[in-house]
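Here's a solo chain for you in structure tokens, the form predicted alone.
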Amino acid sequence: MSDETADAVKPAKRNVFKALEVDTRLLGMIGAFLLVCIVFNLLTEGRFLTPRNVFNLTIQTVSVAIMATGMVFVIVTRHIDLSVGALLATTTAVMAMTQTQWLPQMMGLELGHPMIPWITILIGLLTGALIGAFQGYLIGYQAIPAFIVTLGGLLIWRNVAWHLTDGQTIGPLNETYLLFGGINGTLGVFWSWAVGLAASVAALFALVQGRRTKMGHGFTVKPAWAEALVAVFIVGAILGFVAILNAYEVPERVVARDPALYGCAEAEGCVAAYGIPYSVLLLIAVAIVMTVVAQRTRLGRYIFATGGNPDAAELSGINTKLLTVKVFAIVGVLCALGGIVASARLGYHTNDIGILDELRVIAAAVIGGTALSGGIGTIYGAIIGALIMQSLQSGMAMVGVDAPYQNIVVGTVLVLAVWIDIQYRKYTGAK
């Protein structure tokens, strides 16, 4: 290729990216995730990208991803939360004790009572919110650094969980509660396709409405071909994900336990698939709510304004102390939600639940593009970061890498992600 041809290709590529309005950070994260998947698929001789492993990878990511969406708000406001893993343990201990001992003893409700799981979840969410708000109060109103408060919280809440359960494994948990774990609660093939199609229609509607809104306000819009290409990519990703999950068939021995549950009169010849887990639907709901809060509400604007310049935010009338309480209360609620998924997936509350989750959550947010200097971060970035983290750990486990070396790799990736972010800001001039 001649120099003139090469010079002509570069502007053409830039024009394509400009027309598509591609977020280069998002593109980089997706590229990193695909690279991880391809490498481990080659190393495992095609086992990494099987429907079964994708399904397991998905449900393993949910708990950390839910908490990582809250960590985005914490880091954006220039704080840190080292207590999320311990807070998850405390909320799961409270919920486990509530449904197995406290409610049966105080109200005479048996474990299978239909109200048990919902009362349990409500108590867990309230516990997370109160603990998070208390930590936020110490940080915002008492001016104790978040690092110290949450480091203390890591030690306190981990051992509160141990005290509540006397160090014992608590279970089995309520069957309805267990549906949030993933394997025991899925939509099946038909409803998975229904949700996938509904999500595709919603995404297309959002694209059309966004384009109309921009045109109505006189803003420049993407060319029609660029809009169509983005639409095809989004719909393809949604339906492709559903197709992969629907390809994971329920083992025959599981179907044999209760063929009617899978729409069959008898186990012989019955073919059933798992589909989308309820836990993934919960993550999607959390992602939508947190994105709306970040982009469409006064609270979200205050969070990012405070992270960008705390002094200017306070001078403009934002109550940054109360804002800190709200942010940490949100994280507390998300830790409880993550705890529901984590304990339901295990089927029990265990003493080691949530250990090192604080590091995984922080790493997911940072790898997802949240700036430690504050003011910058995205919800989708944190979720992709969590997926990258879990893919690395799952892939290394499949290859046979020992746990210490897995942690070395994860630590290296975290440092590398921050370094890349710093270089990106230098190159683009972003703050």
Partner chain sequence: MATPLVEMKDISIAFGGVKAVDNVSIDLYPGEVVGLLGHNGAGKSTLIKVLSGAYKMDSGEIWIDGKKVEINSPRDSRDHNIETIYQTLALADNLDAASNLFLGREMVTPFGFVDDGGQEAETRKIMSRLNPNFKKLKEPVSALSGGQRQSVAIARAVYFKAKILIMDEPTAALGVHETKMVADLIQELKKQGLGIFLISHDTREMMDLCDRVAVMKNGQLIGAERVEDVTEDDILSMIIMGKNPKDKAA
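Residue numbers count along the first chain shown, from 1. Just so it is clear, the structure is predicted and the values come from calculations on it, not from any experiment.
Below: the form predicted in complex with its partner chain, not depicted.
Colleague: Let me know the one among V195, V286, A305, I80 whose heavy atoms come within 4.5 Å of its partner chain in the predicted bound form, would you?
Modeller: Among V195, V286, A305, I80, a heavy atom within 4.5 Å of its partner chain in the predicted bound form occurs only for A305.
Colleague: Considering its partner chain in the predicted bound form, which of F233, W225, F219, F205 comes within 4.5 Å of it through any heavy atom?
Modeller: When its partner chain is considered in the predicted bound form, the option within 4.5 Å is F219.
Colleague: If you check in the predicted bound form, is I123 within 4.5 Å of its partner chain, heavy atoms only?
Modeller: Because no heavy atom of I123 falls inside 4.5 Å of its partner chain in the predicted bound form, the answer is no.
Colleague: H163: heavy atom within 4.5 Å of its partner chain in the predicted bound form?
Modeller: Contact check for H163: no, nothing within 4.5 Å of its partner chain in the predicted bound form.
Colleague: Any chance G395 has a heavy atom within 4.5 Å of its partner chain in the predicted bound form?
Modeller: It does not: once its partner chain is placed as it appears in the predicted bound form, G395 has no heavy atom within 4.5 Å of it.
Colleague: With a 4.5 Å heavy atom cut-off, would you call G317 a contact of its partner chain in the predicted bound form?
Modeller: Looking in the predicted bound form, residue contacts with its partner chain include G317, since a heavy atom lies within 4.5 Å.
Colleague: Decide if the three candidate residues R298, N309 and A312 all line its partner chain in the predicted bound form, where lining means a heavy atom within 4.5 Å.
Modeller: All of them do, each having a heavy atom within 4.5 Å of the partner.
Colleague: So if I measure heavy atom distances to its partner chain in the predicted bound form, which of the stretches 262-270, 211-219, 246-254, 352-360 falls within 4.5 Å?
Modeller: Going by heavy atoms within 4.5 Å, the stretch is 211-219.
Colleague: Going through 267-294 from first to last, which residues have a non-hydrogen atom within 4.5 Å of its partner chain in the predicted bound form?
Modeller: Stretch hits: a single one, V292.
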